[in-house]
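Single chain ahead, written as structure tokens, the form predicted on its own.
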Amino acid sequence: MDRIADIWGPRTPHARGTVWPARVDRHLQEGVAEEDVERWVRSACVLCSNGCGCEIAVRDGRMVGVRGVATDVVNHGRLGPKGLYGSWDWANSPDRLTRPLVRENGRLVETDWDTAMARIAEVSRRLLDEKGPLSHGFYTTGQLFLEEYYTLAVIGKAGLGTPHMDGNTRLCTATSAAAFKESFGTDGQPGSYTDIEHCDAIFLFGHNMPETQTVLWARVLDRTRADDPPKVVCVDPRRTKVAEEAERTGGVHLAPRVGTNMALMNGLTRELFANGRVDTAWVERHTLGVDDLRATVEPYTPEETARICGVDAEDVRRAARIFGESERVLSTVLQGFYQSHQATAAAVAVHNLHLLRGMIGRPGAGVLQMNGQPTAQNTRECGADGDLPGFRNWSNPAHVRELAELWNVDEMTIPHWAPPTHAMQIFRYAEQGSIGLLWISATNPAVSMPESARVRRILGGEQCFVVVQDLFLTETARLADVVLPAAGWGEKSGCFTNVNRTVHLSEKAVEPPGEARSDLDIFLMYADAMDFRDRDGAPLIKWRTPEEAFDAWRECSRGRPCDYSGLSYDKLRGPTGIPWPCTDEHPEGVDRLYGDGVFNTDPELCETYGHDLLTGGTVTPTEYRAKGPAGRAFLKGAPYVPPHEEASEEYPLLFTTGRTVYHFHTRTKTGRSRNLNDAAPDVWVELSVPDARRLGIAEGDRVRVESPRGAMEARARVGQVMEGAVFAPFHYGHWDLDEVVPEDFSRQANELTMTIWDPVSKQPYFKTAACRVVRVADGDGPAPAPTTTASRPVDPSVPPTRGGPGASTVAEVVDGFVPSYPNDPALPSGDTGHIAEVSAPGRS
């Protein structure tokens, strides 16, 4: 089976309330048969936020393939194209970093670990002496392991004492965490993937699930293609596969103008009030703020919503009616909201809909504020993104004291006098030089951050010493002062937690190449070099192995909402991942949160005291306590305000960016997979038919897109984007060009985007920039965009996207095997929910 052409694989439809059938997907390197595999090593996929349980095929000390695990609760054996083709192929690339590099006379040259680390430690000590801990900044990723994040958090907060720590999760998932805190008191997904099996309707808000989480979309399709499908409602300016499914199931496709999500959400909320579709008794018992919310949304009649958003008023009524008349609604949210104008307010508005209907904490009635990366949840839990570990509140002295006692350091060492510094501000400080050492791990901000030209100037300037640890010499690593070669997935051990809180252990399958080391070992090496000590003079970092680090984290999480105390490496070697909280009381974890209607808003428990969603102004501890939340959730609203940059006479179109199915992050791994790269080898620009016609642009013509900040050039896809909008994928840098021209950044979408961020989550806006499009030259063929996705052309003569000779995979439906998981509401009555020790394909 060619999974480039057939992205989601064969259907296994099933009725509502029954278990999703198992299907094991497998792909091996061309020329390797299953009997050639020497061993299978347990892991989970890290090429989206789904975290599918899988096993790595090993032969001759190399990774040669992957297969899904039928007994895993997340994927029931399935894998998507990225996991099948891109999870392991990069490891054998000849351009892996194998030795440390240091900059000498303007050039990066190879050196040994002692020399590289000594150079970092010398700069670090000097800056601490001259400027103190605020001279250090750390910018990490959503792709390391839990153990590595926790170690980095302890180094930064208790070793150095810097608040300048964040991850590239700020670019993709910060709004998810912020929205949970504002509504429910702490971070943490309330819903579960099992809600798909039980819901009457699925609302996808700015979530192109068919491309960003292919296995989860396969799970949705297996419900919508059964005899009793849920209705699908799609909120997206592009006609995605979600939009097609919405129309097929009797749902609605709402395509609001770029930057108007908040107005649409206010319109949907008003309809619940106006039509008496509020569970008044539940709202009174379990929430605060309903009167203020009602007043805020009152002006947004369907007609006013339609005027602002450019949607049909009757479609607004219909979508609200589906939400209001369904007993169980599952809502998912992603970058279409997070990276757009009024991000946190719009994400919180999704919670409002569920709270008004009392639809949370029971099967089929859930919210999943999705993550963009596989271990983004761990960044947030462990404190590598600047927050305090264990969802602790930086402005609660008792929470800071807990950490100080745990780490045996002075409370004042732990930075808590102000909110942690977010990524956009960290780069500003690096630009100014107040941060003199910026340590970047496993991410590529030269491509991924907004306003790329500015980021390149910051990283390449003399004012800041830049350390990069990564697998390859990325666009960012080329600008660094020291480059450290890191081990990747399959080359090290550690845990990670997916979107719906399921924890997996990923075990080391092969040795990393050359002198590459795990990110944990690199952080430990730095801690040793700096000789960080606790209050008694003992080493601050008291662990040496991933399992010891995990055990230390378990103690840090004990008693907090993300409680891992009931988990261990041995337990995670079982047939499936396990969701937190996992404790003595809940030894098999918890499928969904807030089933009792009690939220984490008690002042002694909550992670934040909250913000004004419009301005970002903070709520003081005194103000918060005066509200008396007592475990009730917050209903919060905000009026719509126009975005920072709107279409004008000079820039008449709106530029929006996004991820597509065949690529992940900045293509560091997936761009090195031949099958994935061949499916979408170069950037493209999508235009609507009316806009293309008006500008005289045909499929494949070369166009130049310009914003007030920069420009890019690409071939045009005349496709499915709404009139007035221009779409480009944001993955493409220049490392894989045949002839690298360092000054040519013309295919980076982020040349055009703005250094503007949401006032609450601090997540930058990648989807609201004004632009103009100019035709540059005739095309010599169609755009290099896939035909299998939302980027499909209107021109039917464009050849379909297919995989090459090495794209063959196996998808085996496991007849007679019914997966059984703890806490699964689809289990037959009387079943204890114990994980069955069954033998099934895809499980060694």
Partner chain sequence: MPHLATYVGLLHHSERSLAEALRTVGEGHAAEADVYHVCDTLAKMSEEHVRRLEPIVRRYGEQRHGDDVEEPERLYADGPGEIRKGPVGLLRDLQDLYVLATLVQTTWTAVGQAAQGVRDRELLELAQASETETGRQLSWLTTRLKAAAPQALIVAP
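Numbering follows the first chain given and starts at 1. Since this is a predicted model, take the numbers as computed values, not measurements.
What follows is about the form predicted together with its partner chain, which we do not show.
(Q) Given the stretches 425 to 433, 219 to 227, 512 to 520, 169 to 177, which is the single one in contact with its partner chain in the predicted complex, using a heavy atom cutoff of 4.5 Å? (A) That would be stretch 425 to 433.
**Q.** Candidate from H586, K131, R248, K542 lying within 4.5 Å of its partner chain in the predicted complex - any heavy atom
**A.** For this set of options, the contacting one is K131.
Q.
To verify the annotation, which of these, T755, N92, N275, S746, has a non-hydrogen atom within 4.5 Å of its partner chain in the predicted complex?
A. Comparing distances to its partner chain in the predicted complex, the residue within 4.5 Å is T755.
Q.
R592 versus its partner chain, in the predicted complex: is there a non-hydrogen atom within 4.5 Å?
A. Judged by the heavy-atom cut-off of 4.5 Å, R592 is well away from its partner chain in the predicted complex.
Q. At the 4.5 Å heavy atom threshold, is G724 in contact with its partner chain in the predicted complex?
A. Although its partner chain is absent here, G724 would stay clear of it in the predicted complex, with no heavy atoms inside 4.5 Å.
Q: Mark G616 yes when one of its heavy atoms lies within 4.5 Å of a heavy atom of its partner chain in the predicted complex, and no otherwise.
A: Residue-level check for G616: yes, a contact with its partner chain.
Q. Does the 4.5 Å heavy atom contact test between V109 and its partner chain in the predicted complex come out positive?
A. Contact with its partner chain, no.
Q) Thinking of A418, D612 and H644 as the candidate spot, does its partner chain come within 4.5 Å of a heavy atom on all of them in the predicted complex? A) Answer is yes for this spot.
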